[in-house]
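The chain below stands alone and is given in structure tokens; this is the form predicted on its own.
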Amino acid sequence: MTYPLTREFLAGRLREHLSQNALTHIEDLIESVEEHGDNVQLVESGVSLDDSHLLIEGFVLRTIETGERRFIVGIHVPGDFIDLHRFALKRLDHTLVSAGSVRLGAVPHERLQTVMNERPDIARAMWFATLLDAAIHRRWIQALEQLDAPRRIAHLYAELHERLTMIGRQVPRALRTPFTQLDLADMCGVSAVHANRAVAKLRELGIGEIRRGDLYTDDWDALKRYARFDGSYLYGHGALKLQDD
């Protein structure tokens, strides 16, 4: 079975341990599919809604704004539940914004409540997805603390390359994204000027070239070494992996 809406949920991680019955049940959780264009507020901070959303296609940014400053504190790729934690919290302390065109699957909270009550196997998968978000967030904090701006940007693309590869989306030489230079700056906690210099540094080193959000490289391993990237925190490879060899 192909599961057209949810086939990338936890792919490369816990999905391989779920039964066909569980995978079918997860697919059936989707009540409707929404499509949105670029830079749309999908979920606004502080607003209570009665559903959560699985990202089917595209990229979604987690953003926090203080005054006139915007901070991007997370990126979602296809297969991610972008606001599963809203089932418990009801309201988010951040806003979810589309980056380019996106497709979302809406899951009513009443269906999630039934999962919690009747399907502990699926509830565990949902819990794992939420904990994975937290693991990624911790690594972003570490990168902001330990890496300079060029390495932070390299780390962002290294992580995206790993996450997309895990869900079966092969990224050969080019990783294409709708991100702007300002997006990169807000992801890395630097000014647009510093982000521009960091992008230039990657090009000068021959690590990779970023053009209109797309990163081109002939050597992903070299880029990951430069970024000091260790993907164990994504729980697909390395010491923390869940799959058997």
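Note that residue numbering begins at 1 and tracks the sequence as displayed. Computed from a prediction, not measured in an experiment: that's the story for all the values here.
Below, we turn to the form predicted together with the DNA, even though it does not appear here.
Out of the listed residues 118, 148, 93, 121, 148 is the one that sits within 4.5 Å of the DNA in the predicted complex by at least one heavy atom. With the partner removed from view, the residue among 30, 190, 49, 42 that has a non-hydrogen atom within 4.5 Å of the DNA in the predicted complex turns out to be 190. The stretch from 59-67, 216-224, 22-30, 197-205 that comes within 4.5 Å of the DNA in the predicted complex, counting heavy atoms only, is 197-205. Looking at residue 212, you'd find a heavy atom of it within 4.5 angstroms of the DNA in the predicted complex.
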